[in-house]
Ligand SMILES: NC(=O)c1ccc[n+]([C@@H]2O[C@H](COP(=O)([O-])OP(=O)(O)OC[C@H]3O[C@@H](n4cnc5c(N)ncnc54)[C@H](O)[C@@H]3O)[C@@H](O)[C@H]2O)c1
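A lone chain, given as structure tokens: the form predicted on its own.
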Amino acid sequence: MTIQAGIIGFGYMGHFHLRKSRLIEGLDVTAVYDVDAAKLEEARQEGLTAYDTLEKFLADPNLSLAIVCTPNNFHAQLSIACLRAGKNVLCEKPATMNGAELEQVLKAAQESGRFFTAHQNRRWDVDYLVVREALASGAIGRPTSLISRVYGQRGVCFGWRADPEAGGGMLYDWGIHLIDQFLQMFKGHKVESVYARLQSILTPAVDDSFEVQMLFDNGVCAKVQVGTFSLQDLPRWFVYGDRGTLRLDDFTGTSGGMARIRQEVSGFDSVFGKNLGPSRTMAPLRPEFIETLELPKVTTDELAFHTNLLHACQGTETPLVTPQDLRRSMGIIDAAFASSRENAVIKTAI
């Protein structure tokens, strides 16, 4: 059964979803609604029906899926309108601006008998999968602390992402992805506390830099760090275990390293050389006490999200990004904003 879909907001991500749909047999984007006449002309050039009002879009009886790709502040109201019109909804991230809006959308989904999901496609990023595989293997022991970083150099938030009313800022833009990765990595464990610091360094109105720290009930401390202005490189991932460490330099998942201590190492017996560094505590280990490991090799399916989306519309699967997933990630976002505003650790049970 072919599923016909329509896109609301034919900007960068609208084109992204159109390209992905054309790689999935049975998922056919046929229509676009946008308030910009130039975007409607782009849609016509792609062979799509271009609607200049939301009412016309919602009245299209052939559309069983709406893909919402607008600025963040419109996500909730447009998703609710589409659900009430009898259409399933895929919304760009973040699903909404806050948890209260999310509950309104999920209520509309339940009442309409349709599903609502959000585009958390970075669950299939290779670097993230490498970290998950390494932890699952136990290669560096029990994880104790993880740092996930994304830094850029240009120092700007482009377009509406610099507008607070539109839901701009890096916590909404990148934070929602990186937080979702941690929540999936430690699925089944609750986040007990959140501490965050949001900064506006070169973009005055919104956060262009932030740090969020989550403490899970299994003792793992997960840190997300994002900034738009960093002229020196830091690793994409740094993971501490109770037997070793892992470093990934970038999104490829292939540059970096992993090593662990051998079981027989005991205190200062393992150091070497006359120069022990700044102190005996920080002295290097003898090379024979360190075991260098290969990074896991993983494969990913870049079409997995949209393939599942098709099957969910056909009724043979449920969306991979569930309402509970959305509640958890939005709960962390709400807690992070509150933490930064109050300069306090926010106790949670998420």
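In case it trips you up, residue 1 is the first one in the sequence shown, and so on. Source: prediction; values computed, not measured.
From this point on, the text means the form predicted together with this ligand, which you will not see here.
S.K.: Select, from the options 71-79, 250-258, 134-142, 206-214, the stretch whose residues sit within 4.5 angstroms of this ligand in the predicted bound form by heavy atom distance.
M.R.: So the stretch in question is 71-79.
S.K.: Heavy atom within 4.5 Å of this ligand in the predicted bound form: which of Asn121, Ser112, Gln184, Ser193 fits that? Just give me the one.
M.R.: Filtering the options by heavy-atom distance leaves Asn121.
S.K.: By the heavy atom within 4.5 Å rule, which residue out of Asp28, Glu302, Glu55, Asp36 makes contact with this ligand in the predicted bound form?
M.R.: Looking at Asp28, Glu302, Glu55, Asp36 one by one, just Asp36 meets the 4.5 Å heavy-atom criterion.
S.K.: So in the predicted bound form, does any heavy atom of Ala5 sit within 4.5 Å of this ligand?
M.R.: Although this ligand is absent here, Ala5 would stay clear of it in the predicted bound form, with no heavy atoms inside 4.5 Å.
S.K.: Would Arg161 show up as a contact with this ligand in the predicted bound form if we use heavy atoms at 4.5 Å?
M.R.: Contact check for Arg161: yes, within 4.5 Å of this ligand in the predicted bound form.
S.K.: Would you classify Asp173 as touching this ligand in the predicted bound form, given a 4.5 Å non-hydrogen atom cut-off?
M.R.: Result yes; Asp173 sits at the interface with this ligand in the predicted bound form.
S.K.: Would Met13 sit within 4.5 Å of this ligand in the predicted bound form, counting heavy atoms only?
M.R.: Result yes; Met13 sits at the interface with this ligand in the predicted bound form.
S.K.: Note that this ligand is not shown here; using its position in the predicted bound form, name the residues of 81-97 with a heavy atom within 4.5 Å of it, in sequence order.
M.R.: Those in contact are Glu92, Lys93, Pro94.
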